[in-house]
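First, one chain by itself in structure tokens, the form predicted alone.
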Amino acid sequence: MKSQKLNRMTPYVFMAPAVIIMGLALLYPLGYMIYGSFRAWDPSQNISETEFVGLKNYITLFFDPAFRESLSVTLTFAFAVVTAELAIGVGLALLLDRNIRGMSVLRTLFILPMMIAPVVVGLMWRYMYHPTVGTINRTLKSMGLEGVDWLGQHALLSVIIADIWQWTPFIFILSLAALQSLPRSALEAAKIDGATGWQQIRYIKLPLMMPVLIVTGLLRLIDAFKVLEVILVMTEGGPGLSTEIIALRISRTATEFRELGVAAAMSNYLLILLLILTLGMFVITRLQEARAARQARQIQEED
């Protein structure tokens, strides 16, 4: 009896150090940020010396046009890059899911952009977008076209293109792995039944890949809300507030404006938004799993 109890407790004993470390590393900073968001706090003060202001920081942000503009830019940027990266990444995976000579080299080339440091990516695209000596405008002029003010009139589009270039390989690699792990029996059965290539993609490959695609899209969506270095290097949030996402505004509020309480409240707004998106994705995943289970039961009943 005693040995059985000891065996049941063994996994928890081994997990305890990791749980404690994760709790201290995650919950303490989170609690500190939440506590600081209710106070009028600047870097010259210890948080225990600050004045409690309740929900003032949250209310101020709610009615702040600059914060709402940053939120709008963040949502536009995040959903644009994730949508484009999913479409391009999954499309490339479907296109390259075959035995082609030199495929391993091709895959390595595809994932190179995501290996480059964000600061380097920002500098590289900033020079490429240069109005006079940039590679893109020089190419346009060599074709008889006028140069484009990429980091001026089209600043948000420019940073979206840079992010798509860097992170589409992430979607591509995971999508290709999901494709190659699909049960070949289902694909062979579809071929025998006369399904075309497009029908196999629409009715077999994409539905079976959906759980992986949902998780992949969620990871990229969360990461897109936290992008900082590339935009900071390329545009510094300008011109105006056209590319100032929330992560950049949080950094400026804390360092330039020296309003740590407001920055903490802004971080909590971002955290709540990400939690809502995460819960929404989990609900979609559950619905997708339930739908797949119903379809499997219907097939069994028909058989």
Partner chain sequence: MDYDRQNPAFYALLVALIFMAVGPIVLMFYNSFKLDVDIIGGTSGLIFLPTIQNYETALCDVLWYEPKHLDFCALKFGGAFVNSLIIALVSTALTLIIGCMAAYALVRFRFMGRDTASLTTLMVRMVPPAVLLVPVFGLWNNEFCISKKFWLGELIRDTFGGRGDVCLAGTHSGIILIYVAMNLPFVIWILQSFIVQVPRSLEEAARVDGAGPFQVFFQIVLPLIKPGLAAAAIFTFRIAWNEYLLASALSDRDTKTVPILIVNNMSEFNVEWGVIMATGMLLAIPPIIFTLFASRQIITGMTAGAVKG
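Positions refer to the first chain, counted from 1. From a predicted model like this one, the values you see are computed outputs, not experimental measurements. In this text, the rigid core denotes the largest set of C-alpha atoms whose superposition between the two forms falls within 1.5 Å.
Omitted here: the form predicted in complex with the partner chain. The next part is about that form.
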Task: Contact test in the model of the complex: Arg98 vs the partner chain, heavy atoms, 4.5 Å - done: yes
Task: Leu287, heavy atom within 4.5 angstroms of the partner chain in the model of the complex - done: no
Open item on the list: With the partner left out here, check for me: in the model of the complex, does some heavy atom of Pro29 sit within 4.5 Å of the partner chain?
Closed with: yes
Open item on the list: Is Phe77 part of the interface with the partner chain in the model of the complex - any heavy atom within 4.5 Å?
Closed with: no
Task: 4.5 Å heavy atom contact with the partner chain in the model of the complex for all of Leu61, Val73 and Gly217 - done: no
- [ ] Given that the partner is absent here, state which listed stretch (199-207, 185-193, 78-86, 229-237) has heavy atoms within 4.5 Å of the partner chain in the model of the complex.
- [x] 229-237
Open item on the list: At 4.5 Å, heavy atom to heavy atom, what parts of 179-214 sit next to the partner chain in the model of the complex? List them in sequence order, or say none.
Closed with: Ser181, Val212
- [ ] Using a superposition on the rigid core, decide whether the Cα position of Pro29 changes by 2 angstroms or more between the shown form and the other one.
- [x] yes
